[in-house]
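So this first bit is one chain, no partners, the form predicted on its own, shown in structure tokens.
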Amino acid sequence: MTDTGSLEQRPGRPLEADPWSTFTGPAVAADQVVAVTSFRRFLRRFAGQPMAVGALAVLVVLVLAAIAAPRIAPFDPLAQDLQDTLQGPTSEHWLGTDELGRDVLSRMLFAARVSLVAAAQAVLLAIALGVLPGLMAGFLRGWVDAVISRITDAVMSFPPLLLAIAIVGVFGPSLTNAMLAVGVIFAPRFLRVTRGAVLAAREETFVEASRSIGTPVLRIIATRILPNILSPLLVQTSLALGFAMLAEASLSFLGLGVQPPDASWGAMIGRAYRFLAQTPTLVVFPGIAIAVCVLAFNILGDGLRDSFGRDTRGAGR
């Protein structure tokens, strides 16, 4: 007696199979092909923007110089020579010396570490505080979106620098507290970017298809929403790094950031400002470093935006 519900092959009838076994394999392969093609298209567009490529090269050089500071710095950044203070550029001290006779070039190399790491810490904190609420607000909508949006509006209603000064005033002046303050004031910007990108992505057909077959919400967010909002987040990250460096420099200039004997570019300007009439180069060199770094981050952000943007998809073909 034959079981009519079995999957045994009958004459003239092909063996039945699980439909998902023939669907998931090609679907996964197609997703991988699309991802590789999109990445190659992005690289082709980005390579076609000399300004953005140059900005990336400048940032790479700055990062490598900061990493190699202990090896390439000509002097100990903390070594003092009170007989050779406030000197301009010389053959021995290429960028001169400060009010304590310390080599400015060596201090700038080590200060690059502090400035770059501080900006990265602030932006990472802003991402951690802003992306998850943005995902919830954009995907869940309703009262969740309303509550999160009102809190965001309240935080953004305060002037950013004054809010950062207030936070540092409560917790005390230090680089960690300064970056905590900068991360808090940048978090609403990441929240808004994430929310806007999620609102657009949740209306796409592939998200509706996933919801119609009962895919859990967390899986939809992780596999469908997040990969499609990475491009605006990367652009916002690049732009935020430049603004975070400016914010750190401002707080350190006011004495609320890095504390002596450590130094950042902003702190060096703050100390050199008192000797502007005697040795103006003490202000010029750290100021140029900040300007070049911030400009590079902004140009890189513009290049990433144009490379990811739909309006330029045909430009690199």
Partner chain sequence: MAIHRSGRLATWGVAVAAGLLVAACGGADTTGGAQAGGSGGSAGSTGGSTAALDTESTFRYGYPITVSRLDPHKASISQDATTLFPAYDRLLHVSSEGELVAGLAEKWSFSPDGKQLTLNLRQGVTFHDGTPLDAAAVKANIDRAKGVQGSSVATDLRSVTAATVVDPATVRLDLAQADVALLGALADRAGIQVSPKALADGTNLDEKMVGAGPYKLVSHVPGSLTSFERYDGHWDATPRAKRLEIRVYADSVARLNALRTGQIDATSLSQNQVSEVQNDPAVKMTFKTELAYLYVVQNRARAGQGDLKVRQAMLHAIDREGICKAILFGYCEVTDQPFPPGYKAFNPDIPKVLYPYDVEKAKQLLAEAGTPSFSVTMLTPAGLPIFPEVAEAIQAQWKAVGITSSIQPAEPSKLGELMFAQKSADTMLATWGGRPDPSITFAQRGTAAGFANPGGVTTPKMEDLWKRSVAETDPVKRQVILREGSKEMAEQVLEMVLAFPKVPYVMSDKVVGFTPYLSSKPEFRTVGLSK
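Worth saying up front: this structure is predicted, and the values here are computed from it rather than measured. Numbering follows the first chain given and starts at 1.
Unshown form predicted together with its partner chain; subsequent notes refer to it.
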Only one of 226, 86, 117, 125 has a non-hydrogen atom within 4.5 angstroms of its partner chain in the predicted complex; which is it? 86
Counting any non-hydrogen atom inside 4.5 Å, which residue from 121, 80, 177, 152 sits next to its partner chain in the predicted complex? 80
Its partner chain isn't shown here, but in the predicted complex, which of 269-277, 40-48, 56-64, 287-295 has heavy atoms within 4.5 Å of it? 269-277
Within 4.5 Å, heavy atoms only: does residue 99 come near its partner chain in the predicted complex? yes
Heavy atom of residue 70 within 4.5 Å of its partner chain in the predicted complex: no
Residue 160: touches its partner chain in the predicted complex, heavy atom cutoff 4.5 angstroms: no
Hey, in the predicted complex, does residue 232 get a heavy atom within 4.5 angstroms of its partner chain? no
Output the sequence-ordered list of residues from 236-262 with at least one heavy atom within 4.5 Å of its partner chain in the predicted complex. 259, 260, 261
